[in-house]
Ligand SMILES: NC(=O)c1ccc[n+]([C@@H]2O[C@H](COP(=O)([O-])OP(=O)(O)OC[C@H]3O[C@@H](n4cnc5c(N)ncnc54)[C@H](OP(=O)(O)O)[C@@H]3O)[C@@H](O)[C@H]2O)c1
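Just one chain is shown here, as structure tokens, and it is the form predicted on its own.
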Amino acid sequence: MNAVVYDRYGSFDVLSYKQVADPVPAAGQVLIRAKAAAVHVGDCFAVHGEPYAMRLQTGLFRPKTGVPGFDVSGVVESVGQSVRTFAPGDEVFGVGNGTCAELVCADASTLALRPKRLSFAESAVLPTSGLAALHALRDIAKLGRGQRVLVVGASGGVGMFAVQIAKSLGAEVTGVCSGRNVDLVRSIGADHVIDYTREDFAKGSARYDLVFDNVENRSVADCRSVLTADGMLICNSGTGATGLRMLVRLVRPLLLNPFVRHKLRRYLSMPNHADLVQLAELAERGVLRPVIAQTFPLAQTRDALAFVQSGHAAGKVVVQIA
């Protein structure tokens, strides 16, 4: 099969497009003939091997999988021992390891049937970003009808799903994005949109029950300043800094939390079948509308990752495989 591979950490120059051996599904796994993969900033981290905490998952000294990508959609080619939920020919989407390849192995527990309302490319962008938004709003914030939510980074992959999921839960949503994306964020359901090039949300008079920060280039104090008395800040990036400063940014909300009146949260979003089914159902009902910023062929995965890392993608970036 053709795949994009790397055998060491580094810049995107370590990536090469070549033929490699077909993977074989282990017990509990499904082999997928991939149609599309979606890439996000976590894939960039995996190639760079930084922040170093990533290496606990990807390999301490060398990449274990050696193929970038986690999100995928495609057609089941075969199934491993003990898999009863899927059969060859099923159209699926979900999370695997090394999805920028023609054939991908994934645990059956991290897959679901693809929503027919969406294309393969649109289905591929749902898993990681859609689940991150769902888990933050439904599980961590326990968002309810009438609450006011500020989504920072509303034109990004997670942010766009957060706007739509928050609206589906009955919240009043304000999105923060650049001026060129104001109309786009409004079109996916935001009640109010703040153009950060013209207005500083931290200096506004509005107060929110929840700030969901997907950018983290503002201080915790700035975000807390717009919360209601018992409001919550959910931090979902840490990428507003590098090196040791990134580590400080990651742990600061957790260290501050016991000493402030606001609830400061970080969280891990883990893929599972039931929540992927819920995303598919929301997509089938038209509640979730994926927005694709740009599509790249498999051989140009390096360019796709560079585009993600640039921070200029409005929506999700897709690698088209078939």
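Quick caveat, the model's predicted, so the values are computed rather than measured. Numbers for residues come from their place in the sequence shown, where the first is 1.
Beyond what is shown, the protein has a form predicted together with the named molecule; the following relates to that form.
- A residue is said to contact a partner when one of its heavy atoms sits within 4.5 Å of a partner heavy atom; Arg180 meets this definition for the named molecule in the model of the complex.
- Contact annotation for Lys18: none of its heavy atoms lies within 4.5 Å of the named molecule in the model of the complex.
- Contact annotation for Gly311: at least one heavy atom lies within 4.5 Å of the named molecule in the model of the complex.
- Proximity of Asn217 to the named molecule in the model of the complex: non-hydrogen atoms within 4.5 Å are present.
- For the options Thr128, Thr110, Asn97, Gln147, the one in contact with the named molecule in the model of the complex, meaning a heavy atom within 4.5 Å, is Thr128.
- For the options Val176, Ala162, Val104, Val211, the residue carrying a heavy atom within 4.5 angstroms of the named molecule in the model of the complex is Val176.
- Contact with the named molecule in the model of the complex, judged as any non-hydrogen atom within 4.5 angstroms, is confined among 262-270, 64-72, 279-287, 30-38 to 262-270.
- In the model of the complex, the named molecule lies within 4.5 angstroms of at least one heavy atom of each of the following residues of 141-172: Val152, Gly153, Ser155, Gly156, Gly157, Val158, Gly159, in sequence order.
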